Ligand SMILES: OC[C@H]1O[C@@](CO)(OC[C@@]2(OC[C@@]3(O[C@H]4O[C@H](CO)[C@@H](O)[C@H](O)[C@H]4O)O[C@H](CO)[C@@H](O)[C@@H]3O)O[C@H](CO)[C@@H](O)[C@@H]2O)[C@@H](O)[C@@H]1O
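Single chain ahead, by itself, as structure tokens, in the form predicted on its own.
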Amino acid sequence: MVKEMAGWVLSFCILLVVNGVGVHASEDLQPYRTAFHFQPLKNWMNDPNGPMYFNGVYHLFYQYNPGGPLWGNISWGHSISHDLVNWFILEPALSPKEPYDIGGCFTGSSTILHGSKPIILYTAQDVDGAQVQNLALPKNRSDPLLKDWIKWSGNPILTPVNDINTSQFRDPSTAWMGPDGKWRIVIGSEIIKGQATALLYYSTDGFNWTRSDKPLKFSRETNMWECPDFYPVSNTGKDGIDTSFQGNNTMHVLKVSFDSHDYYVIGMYDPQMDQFLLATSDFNVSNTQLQYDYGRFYASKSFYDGAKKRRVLWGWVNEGDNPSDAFKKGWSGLQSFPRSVWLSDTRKQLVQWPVEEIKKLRAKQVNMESRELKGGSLLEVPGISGSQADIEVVFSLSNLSDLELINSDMSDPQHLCDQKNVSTSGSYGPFGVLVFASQNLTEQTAVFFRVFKGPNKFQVLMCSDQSRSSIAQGVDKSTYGAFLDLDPLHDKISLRSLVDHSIVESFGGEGLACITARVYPKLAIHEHAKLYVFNNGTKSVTMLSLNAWNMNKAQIVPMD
């Protein structure tokens, strides 16, 4: 995440000089601080690092600037939880102080070695500006909170040599063990001759690592790969699998981050030969490539939760307001709400869903059943906040006649959502929900579906339209889009949205597609934000059910 931040920080420094902006928290911008998404009490946060479950405690580390709300002085923030909802904030676990990490303690992972020994592997920038890999250990493994970490005396454990670009060598993955008893990791890189690469390394002890003769995967089609993640998924259910599991009825996922999105492929992994053979299309620069999330979501990291036998995923959700607002707010950056991840029934993609513990935050509920939504319908959901809610709604269609046509089954969903936004009526759609809606709908954030007829099949398009999300200038109002792999004639079309003051996380088709957006309304804040269900299409749709809950605030407090 070093390269992506550099231009942003430079432009902001110029802005500070020109405008003379000071560091202070402005109350008029605090409506955007979230209630149940994780964020530190103040300052900058980006990539999630090294999440793990150890001795009954969940640990989340993250890129953090303890000195201010902009990227810089990057350390490892550290927070702990017993339920993935409420968090205690500890002192930073790692700070840039040594010659090998003086330029910043960047992204990495945690691994629990045999004998219940956790380690951290992390990238840093050394005194010469090169990216190197380092290792840290708990100072006291009997401390249930693992508050204190010490850097290994043998750091750096890996340096960029030979064909590795010294500024493109970062983000070691969680380690997994092969049948030969050796640990393996992958590190994101770009080989000098232009190959985006997941470099493969071996170790017998977790401390001393040797590069494999061949990478796990590479591509000449994309930019450098950041934040690689490699893990198994079950063919037979929703349960997660330990990262080192080798056995039947499994497939493997390789996720990499580039071009501001997290892309993944699914395949079969041969641990004897360390070969990864794809079952899906390879990485490419395309909006039809499989993504964890088609909105603002990046640099994700997963871990295996042995207590509940699930794989849990976090992602960094960056800001979309004016850079000067970071100083006014006193903070920047969120983490997505943690998601469970499993393989879909078709085995063609992943499914993601908020972890079940979110239900403990649910307060007042409103339920609606079986409503016909004729063309042009707008139905307010009374008693539910449009700025802090958990919303689940299910639609069904019938008699799919006179559908809009698209020329290709591989049409770009992002382009379609831009072209056919919430104000553009079709036959079936747009229909969905309006959140952060002001009294007269001057401000609104629309999450909706449209159904098309392609050359070979129906296409269900999911959009998150922020074009009217705020009357403010200088904030991002992008529209995001994705296709859902379902048949609208036989399958219900469901939507779940987590709405939290400046973030909307939406899950379409029970988690087949996810879109995260950031919004900064001026009118539709707190009690002035309303929630609606709507149908702007010409054909009627049936809302089979709607369940919505006001959400209580999670406890995110310092550990005294």
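Residue numbers run from 1 along the displayed sequence. A quick note: this is a predicted structure, and the numbers were derived from the prediction, not measured.
Beyond the structure shown, there is the form predicted in complex with this ligand, which is absent from this document and is the topic of what follows.
Within 2.4 Å of backbone or C-beta atoms of the shown chain, at least 3 atoms of this ligand land once it is superimposed from its position in the model of the complex; the pocket counts as blocked.
At a distance threshold of 4.5 angstroms between non-hydrogen atoms, Gln444 is out of contact with this ligand in the model of the complex. Contact annotation for Trp316: at least one heavy atom lies within 4.5 Å of this ligand in the model of the complex. When contacts are judged by a 4.5 Å heavy atom cut-off, Tyr201 does not count as touching this ligand in the model of the complex. Shown alone here, Asn535 lies farther than 4.5 Å from this ligand in the model of the complex, counting heavy atoms only. Among the residues Gln352, Gln131, Ser302, Thr111, the one placing a heavy atom within 4.5 Å of this ligand in the model of the complex is Gln131. In terms of contact with this ligand in the model of the complex, the residue from Thr516, Ser497, Ser502, Asn46 that brings a heavy atom within 4.5 Å is Asn46.
Only one of 230 to 238, 456 to 464, 163 to 171, 423 to 431 places residue heavy atoms within 4.5 angstroms of this ligand in the model of the complex, namely 163 to 171. Proximity to this ligand in the model of the complex holds for all of Gln63, Trp71 and Tyr298, with the criterion being a heavy atom within 4.5 Å.
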